[in-house]
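Only one chain comes next, encoded as C-alpha coordinates, the form predicted alone.
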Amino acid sequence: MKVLVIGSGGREHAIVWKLSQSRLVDKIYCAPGNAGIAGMAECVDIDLSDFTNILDFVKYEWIDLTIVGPEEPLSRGIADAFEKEGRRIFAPDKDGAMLETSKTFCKDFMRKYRIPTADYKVFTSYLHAEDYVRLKGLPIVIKADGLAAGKGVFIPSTFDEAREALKIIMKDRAFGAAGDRVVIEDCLQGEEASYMAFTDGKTIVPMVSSQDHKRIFDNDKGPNTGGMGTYSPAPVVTPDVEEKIMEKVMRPTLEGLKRENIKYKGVLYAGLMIKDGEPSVLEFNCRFGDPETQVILTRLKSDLAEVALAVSEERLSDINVEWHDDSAVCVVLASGGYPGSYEKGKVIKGLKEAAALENVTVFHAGTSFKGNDIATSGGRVLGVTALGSTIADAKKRAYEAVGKISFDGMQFRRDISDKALRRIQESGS
(Lines give C-alpha, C1' and ligand atoms only; values in the text may rest on other atoms or scores of the structure.)
Protein backbone atom coordinates (compact mmCIF):
# COMPACT_ATOMS: atom_id res chain seq x y z
CA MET A 1 0.00 0.00 0.00
CA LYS A 2 0.95 3.65 -0.44
CA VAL A 3 0.82 6.07 2.51
CA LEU A 4 0.93 9.86 2.62
CA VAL A 5 2.09 11.56 5.83
CA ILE A 6 1.15 15.22 6.28
CA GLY A 7 3.69 17.36 8.14
CA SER A 8 7.37 18.26 8.43
CA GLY A 9 8.47 17.82 12.04
CA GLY A 10 10.00 15.27 14.36
CA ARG A 11 6.61 13.68 14.93
CA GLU A 12 6.21 13.09 11.20
CA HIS A 13 9.75 11.70 10.91
CA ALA A 14 8.89 9.21 13.66
CA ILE A 15 5.67 8.25 11.87
CA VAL A 16 7.51 7.77 8.57
CA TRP A 17 10.27 5.81 10.33
CA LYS A 18 7.74 3.43 11.86
CA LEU A 19 5.77 3.07 8.63
CA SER A 20 8.99 2.20 6.78
CA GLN A 21 9.18 -0.98 8.90
CA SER A 22 5.70 -2.12 7.88
CA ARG A 23 5.20 -5.25 5.80
CA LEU A 24 2.11 -3.57 4.31
CA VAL A 25 3.75 -0.39 3.04
CA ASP A 26 5.39 -0.24 -0.38
CA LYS A 27 5.75 3.52 -0.77
CA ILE A 28 5.70 6.50 1.62
CA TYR A 29 5.14 10.12 0.61
CA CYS A 30 5.50 13.05 2.99
CA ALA A 31 4.19 16.58 2.44
CA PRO A 32 6.32 18.58 2.83
CA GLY A 33 8.77 16.51 4.93
CA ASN A 34 12.30 17.51 5.92
CA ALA A 35 15.91 16.52 5.28
CA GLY A 36 15.71 13.50 7.58
CA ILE A 37 12.40 12.27 6.21
CA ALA A 38 13.80 12.51 2.67
CA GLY A 39 16.01 9.52 3.45
CA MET A 40 13.04 7.15 3.75
CA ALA A 41 10.11 8.81 1.96
CA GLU A 42 9.46 10.87 -1.15
CA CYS A 43 8.96 14.46 -0.01
CA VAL A 44 6.41 16.39 -2.04
CA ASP A 45 5.82 20.13 -2.08
CA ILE A 46 2.04 20.47 -1.77
CA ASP A 47 0.08 23.46 -0.52
CA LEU A 48 -1.34 22.03 2.71
CA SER A 49 -4.01 24.73 2.84
CA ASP A 50 -5.51 23.46 -0.43
CA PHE A 51 -7.33 20.22 0.34
CA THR A 52 -8.46 19.87 -3.27
CA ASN A 53 -4.81 19.87 -4.31
CA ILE A 54 -3.94 17.25 -1.69
CA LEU A 55 -6.85 15.05 -2.75
CA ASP A 56 -5.83 15.34 -6.39
CA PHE A 57 -2.38 14.07 -5.44
CA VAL A 58 -3.88 11.22 -3.40
CA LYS A 59 -6.06 10.18 -6.33
CA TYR A 60 -3.30 10.53 -8.94
CA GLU A 61 -0.78 8.50 -6.93
CA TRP A 62 -3.36 5.96 -5.74
CA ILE A 63 -2.62 6.67 -2.08
CA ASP A 64 -4.30 4.09 0.18
CA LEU A 65 -4.03 5.93 3.51
CA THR A 66 -3.21 9.45 4.69
CA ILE A 67 -1.93 10.15 8.20
CA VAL A 68 -2.10 13.74 9.47
CA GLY A 69 0.60 14.92 11.88
CA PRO A 70 0.03 18.60 12.77
CA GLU A 71 -3.09 20.22 14.19
CA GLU A 72 -3.56 22.97 11.61
CA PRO A 73 -5.02 20.79 8.80
CA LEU A 74 -7.27 19.11 11.38
CA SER A 75 -8.61 22.47 12.49
CA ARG A 76 -9.63 23.28 8.92
CA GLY A 77 -11.38 19.98 8.27
CA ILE A 78 -9.00 17.86 6.20
CA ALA A 79 -10.66 14.67 7.48
CA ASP A 80 -14.08 15.96 6.41
CA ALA A 81 -12.77 16.64 2.90
CA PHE A 82 -11.26 13.14 2.64
CA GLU A 83 -14.35 11.41 4.03
CA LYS A 84 -16.52 13.23 1.50
CA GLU A 85 -14.37 11.79 -1.28
CA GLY A 86 -14.34 8.31 0.26
CA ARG A 87 -10.59 8.39 0.97
CA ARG A 88 -9.02 6.74 4.00
CA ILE A 89 -7.56 9.15 6.51
CA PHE A 90 -6.18 8.75 10.03
CA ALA A 91 -7.52 11.93 11.62
CA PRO A 92 -10.60 13.24 13.46
CA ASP A 93 -13.07 15.50 11.69
CA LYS A 94 -13.23 19.26 12.23
CA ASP A 95 -15.78 19.02 15.04
CA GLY A 96 -13.69 16.44 16.87
CA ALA A 97 -10.57 18.55 16.47
CA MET A 98 -12.28 21.33 18.42
CA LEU A 99 -11.18 19.51 21.57
CA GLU A 100 -7.78 20.95 20.69
CA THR A 101 -8.57 23.97 18.55
CA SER A 102 -10.84 25.66 21.11
CA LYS A 103 -9.98 25.64 24.80
CA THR A 104 -13.48 26.96 25.50
CA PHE A 105 -15.14 24.09 23.64
CA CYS A 106 -12.86 21.62 25.40
CA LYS A 107 -13.55 22.96 28.90
CA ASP A 108 -17.29 23.15 28.27
CA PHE A 109 -17.22 19.57 26.92
CA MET A 110 -15.40 18.30 30.01
CA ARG A 111 -17.81 20.11 32.32
CA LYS A 112 -20.79 18.62 30.46
CA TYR A 113 -19.47 15.07 30.62
CA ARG A 114 -17.98 15.34 34.12
CA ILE A 115 -14.40 14.76 33.08
CA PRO A 116 -12.04 15.95 35.85
CA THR A 117 -10.39 19.29 35.04
CA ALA A 118 -9.65 22.65 36.66
CA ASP A 119 -12.43 25.18 37.24
CA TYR A 120 -12.38 28.02 34.70
CA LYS A 121 -13.90 31.16 33.24
CA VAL A 122 -13.84 32.47 29.64
CA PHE A 123 -13.31 36.12 28.65
CA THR A 124 -13.50 38.14 25.45
CA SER A 125 -12.71 41.46 27.17
CA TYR A 126 -9.22 42.35 28.35
CA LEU A 127 -10.58 44.61 31.10
CA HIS A 128 -12.95 41.95 32.43
CA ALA A 129 -10.16 39.36 32.36
CA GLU A 130 -7.80 41.70 34.19
CA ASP A 131 -10.43 42.44 36.85
CA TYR A 132 -11.07 38.74 37.33
CA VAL A 133 -7.37 38.01 37.81
CA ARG A 134 -7.09 40.80 40.36
CA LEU A 135 -10.04 39.43 42.33
CA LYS A 136 -9.19 35.75 41.88
CA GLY A 137 -5.53 36.00 42.81
CA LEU A 138 -2.73 33.56 42.04
CA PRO A 139 -1.92 30.85 41.15
CA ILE A 140 -3.85 30.75 37.88
CA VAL A 141 -3.30 29.60 34.29
CA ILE A 142 -4.04 31.86 31.32
CA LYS A 143 -4.63 30.25 27.92
CA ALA A 144 -5.32 31.58 24.46
CA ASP A 145 -8.51 29.89 23.27
CA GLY A 146 -7.22 28.72 19.90
CA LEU A 147 -4.11 27.12 18.43
CA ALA A 148 -0.83 28.75 19.43
CA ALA A 149 1.83 26.17 18.57
CA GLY A 150 2.09 25.10 22.20
CA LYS A 151 3.05 28.62 23.30
CA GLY A 152 -0.30 30.13 24.26
CA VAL A 153 -0.28 28.99 27.89
CA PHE A 154 0.99 31.24 30.70
CA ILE A 155 1.45 30.44 34.38
CA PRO A 156 2.17 33.85 35.93
CA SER A 157 3.92 34.17 39.29
CA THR A 158 2.87 37.81 39.85
CA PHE A 159 -0.11 39.97 38.94
CA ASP A 160 2.10 41.99 36.59
CA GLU A 161 3.05 38.80 34.75
CA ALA A 162 -0.63 37.86 34.50
CA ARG A 163 -1.49 41.27 33.09
CA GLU A 164 1.38 40.97 30.61
CA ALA A 165 0.12 37.56 29.48
CA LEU A 166 -3.34 38.98 28.87
CA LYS A 167 -1.79 41.85 26.95
CA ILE A 168 0.26 39.49 24.76
CA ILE A 169 -2.80 37.41 23.92
CA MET A 170 -5.60 39.98 23.71
CA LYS A 171 -3.97 43.31 22.88
CA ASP A 172 -0.75 42.48 21.05
CA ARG A 173 -2.56 39.65 19.26
CA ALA A 174 0.59 37.51 19.38
CA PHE A 175 -1.48 34.45 18.44
CA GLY A 176 -3.90 36.18 16.08
CA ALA A 177 -7.52 34.98 16.19
CA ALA A 178 -6.50 32.31 18.72
CA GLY A 179 -6.56 35.13 21.27
CA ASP A 180 -10.12 36.30 20.59
CA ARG A 181 -10.99 34.57 23.85
CA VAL A 182 -8.92 33.61 26.87
CA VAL A 183 -9.55 30.83 29.32
CA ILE A 184 -8.46 31.56 32.88
CA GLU A 185 -8.42 28.47 35.05
CA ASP A 186 -7.29 27.28 38.45
CA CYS A 187 -3.69 26.10 38.55
CA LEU A 188 -3.61 22.37 39.19
CA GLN A 189 -0.80 20.96 41.31
CA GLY A 190 0.92 17.61 40.85
CA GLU A 191 2.99 15.92 38.17
CA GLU A 192 2.22 16.09 34.46
CA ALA A 193 1.93 13.15 32.11
CA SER A 194 0.94 12.60 28.49
CA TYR A 195 -1.53 9.84 27.72
CA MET A 196 -2.51 8.94 24.18
CA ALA A 197 -4.83 6.35 22.72
CA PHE A 198 -5.84 5.07 19.31
CA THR A 199 -9.56 5.26 18.58
CA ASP A 200 -11.81 4.58 15.63
CA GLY A 201 -14.78 6.27 17.30
CA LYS A 202 -16.06 3.00 18.72
CA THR A 203 -13.06 1.30 20.33
CA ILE A 204 -10.28 2.99 22.30
CA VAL A 205 -6.85 1.39 22.75
CA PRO A 206 -4.32 3.05 25.08
CA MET A 207 -0.72 3.72 24.15
CA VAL A 208 2.16 3.66 26.62
CA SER A 209 2.50 6.69 28.90
CA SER A 210 5.07 9.47 28.54
CA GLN A 211 6.06 12.80 30.08
CA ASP A 212 6.89 15.95 28.13
CA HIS A 213 9.19 18.81 29.19
CA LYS A 214 7.63 22.08 28.02
CA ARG A 215 9.96 24.70 29.49
CA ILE A 216 13.08 25.72 27.58
CA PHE A 217 15.55 25.44 30.47
CA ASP A 218 16.52 22.79 33.03
CA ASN A 219 14.38 22.42 36.16
CA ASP A 220 11.33 23.64 34.21
CA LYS A 221 12.55 27.22 33.99
CA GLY A 222 11.93 29.76 31.26
CA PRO A 223 9.11 30.12 28.71
CA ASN A 224 7.00 27.31 27.32
CA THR A 225 8.02 25.63 24.07
CA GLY A 226 6.54 23.00 21.79
CA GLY A 227 8.43 20.45 23.92
CA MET A 228 12.11 20.01 24.76
CA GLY A 229 12.18 16.29 25.40
CA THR A 230 10.23 13.36 26.71
CA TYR A 231 10.51 9.87 28.14
CA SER A 232 8.39 6.74 28.31
CA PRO A 233 7.02 5.19 30.42
CA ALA A 234 6.06 7.84 32.98
CA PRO A 235 6.42 6.26 36.45
CA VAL A 236 3.71 8.58 37.80
CA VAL A 237 1.23 6.63 35.65
CA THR A 238 1.04 3.50 37.77
CA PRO A 239 -1.34 0.66 36.81
CA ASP A 240 -3.92 2.05 39.26
CA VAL A 241 -3.58 5.57 37.87
CA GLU A 242 -3.83 4.26 34.32
CA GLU A 243 -7.10 2.52 35.09
CA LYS A 244 -8.44 5.79 36.52
CA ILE A 245 -7.33 7.65 33.38
CA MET A 246 -9.20 5.22 31.17
CA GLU A 247 -12.28 5.11 33.43
CA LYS A 248 -12.56 8.83 34.28
CA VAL A 249 -11.05 10.50 31.20
CA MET A 250 -10.59 8.49 28.02
CA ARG A 251 -13.75 6.37 27.92
CA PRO A 252 -16.07 9.21 29.04
CA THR A 253 -14.51 11.45 26.39
CA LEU A 254 -15.19 8.91 23.65
CA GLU A 255 -18.75 8.42 24.91
CA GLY A 256 -19.25 12.19 24.99
CA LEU A 257 -18.04 12.52 21.41
CA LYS A 258 -20.51 9.83 20.36
CA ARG A 259 -23.35 11.67 22.08
CA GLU A 260 -22.34 14.85 20.27
CA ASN A 261 -22.49 12.90 16.97
CA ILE A 262 -18.81 13.63 16.37
CA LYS A 263 -16.88 11.17 14.22
CA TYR A 264 -13.52 10.79 15.91
CA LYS A 265 -10.89 8.58 14.29
CA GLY A 266 -7.18 8.87 15.05
CA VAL A 267 -5.30 9.76 18.23
CA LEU A 268 -6.92 11.10 21.38
CA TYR A 269 -4.25 12.71 23.55
CA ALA A 270 -4.88 13.84 27.12
CA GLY A 271 -2.38 16.13 28.80
CA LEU A 272 -2.82 15.28 32.47
CA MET A 273 -1.95 16.52 35.93
CA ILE A 274 -1.74 13.73 38.49
CA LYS A 275 -1.93 14.39 42.21
CA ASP A 276 -2.33 11.76 44.93
CA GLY A 277 -3.07 9.19 42.27
CA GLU A 278 -5.96 11.17 40.75
CA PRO A 279 -5.79 12.44 37.14
CA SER A 280 -7.17 15.77 35.91
CA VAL A 281 -7.11 16.98 32.31
CA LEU A 282 -5.00 20.01 31.47
CA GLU A 283 -5.83 19.86 27.77
CA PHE A 284 -6.70 17.54 24.91
CA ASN A 285 -4.82 17.23 21.65
CA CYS A 286 -6.29 15.49 18.62
CA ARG A 287 -3.14 14.03 17.09
CA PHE A 288 0.17 12.47 18.02
CA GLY A 289 2.16 14.68 20.40
CA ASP A 290 5.58 16.07 19.54
CA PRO A 291 8.05 14.98 20.95
CA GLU A 292 6.00 12.25 22.67
CA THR A 293 5.58 10.41 19.36
CA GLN A 294 9.32 9.88 19.11
CA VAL A 295 9.45 7.78 22.27
CA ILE A 296 6.04 6.14 21.90
CA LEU A 297 6.49 4.89 18.34
CA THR A 298 10.00 3.73 19.22
CA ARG A 299 8.33 1.46 21.78
CA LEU A 300 5.49 0.33 19.48
CA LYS A 301 5.92 -3.34 18.63
CA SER A 302 2.88 -3.59 16.36
CA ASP A 303 2.70 -2.46 12.73
CA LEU A 304 1.65 1.21 12.72
CA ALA A 305 0.23 0.95 9.19
CA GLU A 306 -1.97 -1.95 10.26
CA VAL A 307 -3.24 -0.02 13.29
CA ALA A 308 -3.84 3.21 11.34
CA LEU A 309 -5.64 1.35 8.56
CA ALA A 310 -7.88 -0.36 11.11
CA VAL A 311 -8.68 3.01 12.71
CA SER A 312 -9.60 4.56 9.36
CA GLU A 313 -11.86 1.60 8.56
CA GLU A 314 -13.46 1.55 12.05
CA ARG A 315 -12.27 -1.96 12.93
CA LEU A 316 -9.74 -1.22 15.67
CA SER A 317 -11.32 -3.92 17.82
CA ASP A 318 -9.77 -6.48 15.44
CA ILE A 319 -6.21 -5.34 16.22
CA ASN A 320 -3.99 -6.42 19.11
CA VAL A 321 -1.65 -3.48 19.77
CA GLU A 322 1.62 -4.59 21.39
CA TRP A 323 4.50 -2.65 22.97
CA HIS A 324 8.18 -3.24 23.74
CA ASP A 325 9.07 -3.38 27.44
CA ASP A 326 12.09 -1.10 26.89
CA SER A 327 12.11 2.52 28.05
CA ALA A 328 12.80 5.47 25.73
CA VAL A 329 14.17 8.99 26.14
CA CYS A 330 14.11 11.81 23.57
CA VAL A 331 16.23 14.96 23.91
CA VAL A 332 15.31 17.89 21.65
CA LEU A 333 18.14 19.97 20.18
CA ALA A 334 16.92 23.49 19.45
CA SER A 335 18.19 26.58 17.67
CA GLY A 336 19.76 29.36 19.73
CA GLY A 337 17.09 31.88 20.70
CA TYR A 338 14.18 29.41 20.54
CA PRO A 339 11.31 29.75 21.52
CA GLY A 340 11.93 33.36 20.50
CA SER A 341 13.55 34.46 17.26
CA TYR A 342 16.39 32.34 15.89
CA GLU A 343 18.61 32.06 12.83
CA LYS A 344 18.33 29.29 10.26
CA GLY A 345 20.85 27.62 7.98
CA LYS A 346 23.33 26.42 10.60
CA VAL A 347 25.17 23.33 9.31
CA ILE A 348 24.66 20.28 11.54
CA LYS A 349 27.63 18.01 12.26
CA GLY A 350 27.80 14.53 13.76
CA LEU A 351 24.46 13.13 12.56
CA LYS A 352 25.96 9.92 11.16
CA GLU A 353 28.07 9.34 14.26
CA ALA A 354 25.05 9.75 16.55
CA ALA A 355 22.79 7.54 14.44
CA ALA A 356 25.44 4.81 14.37
CA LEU A 357 25.08 4.25 18.12
CA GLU A 358 23.11 1.17 19.16
CA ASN A 359 19.39 1.74 19.86
CA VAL A 360 19.62 5.42 18.89
CA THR A 361 17.47 7.16 16.27
CA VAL A 362 17.86 10.84 15.39
CA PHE A 363 14.52 12.26 14.29
CA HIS A 364 14.65 15.47 12.28
CA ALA A 365 12.24 18.25 13.24
CA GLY A 366 13.50 21.46 11.61
CA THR A 367 16.10 20.57 8.99
CA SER A 368 16.72 21.22 5.29
CA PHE A 369 19.46 20.66 2.77
CA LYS A 370 22.20 23.27 2.32
CA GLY A 371 24.23 22.04 -0.62
CA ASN A 372 25.52 18.64 0.41
CA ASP A 373 25.01 19.40 4.10
CA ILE A 374 22.00 19.22 6.40
CA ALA A 375 21.24 22.51 8.16
CA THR A 376 18.81 23.93 10.68
CA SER A 377 15.50 25.32 9.43
CA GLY A 378 13.34 25.50 12.55
CA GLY A 379 13.25 26.20 16.26
CA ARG A 380 13.26 22.57 17.30
CA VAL A 381 15.85 20.94 15.07
CA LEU A 382 16.36 17.31 16.14
CA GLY A 383 14.90 14.76 18.54
CA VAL A 384 17.68 12.43 19.66
CA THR A 385 15.88 9.28 20.82
CA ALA A 386 17.25 6.19 22.52
CA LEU A 387 15.89 2.89 23.78
CA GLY A 388 17.20 1.22 26.91
CA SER A 389 16.30 -1.53 29.35
CA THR A 390 15.58 1.22 31.91
CA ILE A 391 14.97 4.96 31.76
CA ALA A 392 18.46 5.52 33.16
CA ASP A 393 19.96 3.38 30.39
CA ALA A 394 17.94 5.16 27.70
CA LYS A 395 18.96 8.57 29.08
CA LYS A 396 22.63 7.62 29.02
CA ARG A 397 22.39 6.49 25.40
CA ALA A 398 20.45 9.59 24.34
CA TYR A 399 22.92 12.04 25.85
CA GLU A 400 25.87 10.09 24.48
CA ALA A 401 24.35 10.63 21.03
CA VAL A 402 23.66 14.31 21.78
CA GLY A 403 27.37 14.71 22.54
CA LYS A 404 28.25 13.75 18.98
CA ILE A 405 26.02 16.40 17.36
CA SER A 406 26.77 20.09 17.02
CA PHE A 407 25.59 23.22 15.24
CA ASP A 408 26.07 26.90 15.93
CA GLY A 409 23.83 28.04 18.79
CA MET A 410 22.60 24.53 19.68
CA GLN A 411 20.71 24.41 22.98
CA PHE A 412 19.11 21.54 24.86
CA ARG A 413 17.99 20.52 28.31
CA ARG A 414 20.28 18.28 30.33
CA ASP A 415 17.64 16.98 32.73
CA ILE A 416 15.26 15.06 30.49
CA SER A 417 13.86 12.11 32.50
CA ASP A 418 15.38 13.23 35.82
CA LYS A 419 11.88 13.46 37.34
CA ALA A 420 11.31 9.82 36.46
CA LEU A 421 14.63 8.77 37.94
CA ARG A 422 13.91 10.61 41.18
CA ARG A 423 10.47 9.02 41.43
CA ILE A 424 11.92 5.55 40.80
CA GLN A 425 14.61 6.16 43.42
CA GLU A 426 12.09 7.41 45.99
CA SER A 427 9.86 4.40 45.42
CA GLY A 428 12.81 2.07 45.83
CA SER A 429 12.01 0.20 42.62
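None of the values given here were measured: they were computed from a predicted structure. Start at 1 and count along the sequence shown; that's the residue number.
The protein also exists as the form predicted together with adenosine monophosphate (AMP); that form is not presented, and the subsequent description refers to it.
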Practice prompt. Using a 4.5 Å heavy atom cut-off, state whether residue 192 contacts adenosine monophosphate (AMP) in the predicted complex.
Written response: yes
Discussion item. I'd like to know if residue 187 sits close to adenosine monophosphate (AMP) in the predicted complex, meaning any non-hydrogen atom pair within 4.5 angstroms.
Written reply: yes
Practice prompt. With heavy atoms only and a cut-off of 4.5 Å, decide whether residue 147 touches adenosine monophosphate (AMP) in the predicted complex.
Written response: no
Discussion item. Since only the chain is shown here, I'm wondering whether residue 130 would be in contact with adenosine monophosphate (AMP) in the predicted complex (any heavy atom pair within 4.5 Å).
Written reply: no
Discussion item. Based on heavy atom distances of 4.5 Å or less, which listed stretch (130 to 138, 151 to 159, 172 to 180, 252 to 260) is in contact with adenosine monophosphate (AMP) in the predicted complex?
Written reply: 151 to 159
Worksheet item: Using a 4.5 Å cut on heavy atoms, which of 118, 307, 274, 351 is close to adenosine monophosphate (AMP) in the predicted complex?
Response: 118
Worksheet entry | Position in contact with adenosine monophosphate (AMP) when the complex is considered in the predicted complex, options 204, 236, 319, 282, heavy atoms within 4.5 Å | 282
Fill in: Heavy atom within 4.5 Å of adenosine monophosphate (AMP) in the predicted complex - qualifying residues of 194 to 227
214
